[in-house]
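Before any questions on how it binds or moves, here is one chain, the form predicted alone, in structure tokens.
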Amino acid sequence: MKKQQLQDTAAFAVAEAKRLGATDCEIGIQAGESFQIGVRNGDVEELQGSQSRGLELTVFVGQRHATVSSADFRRRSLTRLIRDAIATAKVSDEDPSAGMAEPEHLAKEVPELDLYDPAIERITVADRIRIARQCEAAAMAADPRITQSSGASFSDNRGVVVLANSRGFVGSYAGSMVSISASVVAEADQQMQVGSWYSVSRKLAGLESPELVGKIAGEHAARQLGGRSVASQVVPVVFDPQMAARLVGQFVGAASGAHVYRKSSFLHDKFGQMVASPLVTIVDDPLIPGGLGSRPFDAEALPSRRREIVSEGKLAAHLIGVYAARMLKTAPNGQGTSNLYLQAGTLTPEEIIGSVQNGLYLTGVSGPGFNATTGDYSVGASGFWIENGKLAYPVEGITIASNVVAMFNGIEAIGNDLVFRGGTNAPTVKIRSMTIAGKASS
């Protein structure tokens, strides 16, 4: 369906809900196409294309509400769906904080953010297979110790998002995404290690080459061979960009409005206070042109705007959606994140590693290991041991532990290697000290 048809469907649903007795109504519609190619050992193992569409409708009857969903966009079916939703809402419990955003808080415009690439429409199946095979071949050739392929893939999707409500908001935008990835196994001395890498972009031209993606995947598998444990101790830990991004996402998740009104997070009462090193500024910016998380408005029709969550170490914002705003008697600023990132520093990763005489360069973790209520942090870890400012040997079978507040206050250096690879991004980060639990000291 074309964007105008989807908008017409949304407008009909909103008007029909009001006609049938809803005091308010909001509807979100998504429709799109996707294609996935998977190869292993050069053979095509997966070749799948699909089309999808769906809508989610929320109706309000006073302070009672109900949400329904459907993939059937026929007018008669929508009318039945809306009647059922209103009937359900009438028998639901009242919630004084339920309701849509007030008109003054709704987005007033839909900025163009360059989120769609028409070139993706012209990719042939043969091209998709060729790219996936090139990626896998590069991964297998990256190191002689690589013995198995876990597969390589090429995927793309494109679609339209429409959001409308009974308070006058109607917005839509088209978006696309394309990605390639590879995963291989390296073996030596009866030890096996898996390594993978990926590239994802809104645009075909923004992807890393399949040869580079494959090469990095192979290097990641081979570099961890020979990993061993280390003695338990307290040392500096350098987080690589992927591990730092994961940490930033966990930290910011604890700043959600739901945590604030429930008082269920270590950040619930820290607004305006220092919660990190002055080196730390964490930004969420949904308005980056072509950004993987960019959007012209959010799921509640609130306007997209750049926010500093942490500003030079100070907690500058909680993530407050419409419901949390009513609970907290404040204005909403958006409940989710988009392009979340830790602002880059000035040091190269090599300079940061070079500042550590004895410590860990962290490249992998296992387990959630994070308690948002207390901030306690403990995860299985792997990476490389740093000796005299150099990566000395691979490390595995250890645990690292601390408290997130202490970790963020203990950030001593931030790298200049920020690259936007996903929805949450960070450069290399050095934390002053963490507890390593490994083998017992002799």
Partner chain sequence: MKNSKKDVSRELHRLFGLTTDQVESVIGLALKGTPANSFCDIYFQAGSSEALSWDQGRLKGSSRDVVAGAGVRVVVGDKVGFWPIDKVDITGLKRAAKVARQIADYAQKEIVPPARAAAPQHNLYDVALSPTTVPLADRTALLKAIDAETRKHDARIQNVSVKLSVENYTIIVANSLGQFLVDERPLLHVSVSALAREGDRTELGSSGGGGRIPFAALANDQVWKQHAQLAAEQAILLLSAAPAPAGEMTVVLGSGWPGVLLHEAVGHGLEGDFNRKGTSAFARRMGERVASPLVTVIDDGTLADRRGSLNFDDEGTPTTQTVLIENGILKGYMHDRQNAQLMGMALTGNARRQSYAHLPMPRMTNTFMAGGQHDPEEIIRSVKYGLYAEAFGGGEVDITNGNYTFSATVAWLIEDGRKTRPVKGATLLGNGPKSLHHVSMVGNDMALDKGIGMCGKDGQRVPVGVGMSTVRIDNVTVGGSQN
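Numbering follows the first chain given and starts at 1. The shown structure was predicted, so the numbers you read here are calculated from the model rather than taken from an experiment.
In what follows, reference is made to the form predicted together with the partner chain, a form of this protein that is not presented.
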- Query: Using heavy atoms and a 4.5 Å limit, would one call Gly389 a contact residue for the partner chain in the predicted bound form?
  - Reply: no
- Message: Please determine whether Arg145 contacts the partner chain in the predicted bound form, using a 4.5 Å cut-off between heavy atoms.
- Response: no
- Task: Give a yes/no on whether Gln357 approaches the partner chain to within 4.5 Å in the predicted bound form, heavy atoms considered.
- Result: no
- Message: Asn409 versus the partner chain, in the predicted bound form: is there a non-hydrogen atom within 4.5 Å?
- Response: no
- Query: Just one of 273-281, 167-175, 361-369, 202-210 has heavy atoms within 4.5 Å of the partner chain in the predicted bound form; which?
  - Reply: 361-369
- Looking at Glu121, Asp93, Glu109, Glu112, which is the one with a non-hydrogen atom within 4.5 Å of the partner chain in the predicted bound form? Asp93
- Note on the structure: Only hit among Thr330, Gln343, Ser179, Thr88 for heavy atom within 4.5 Å of the partner chain in the predicted bound form is Thr88
- What residues, if any, in 41-71 have a non-hydrogen atom within 4.5 angstroms of the partner chain in the predicted bound form? Asp43, Val44, Glu45, Glu46, Leu47, Gln48, Gly49, Ser50, Gln51, Ser52, Arg53, His65, Ala66, Thr67, Val68, Ser69, Ser70, Ala71
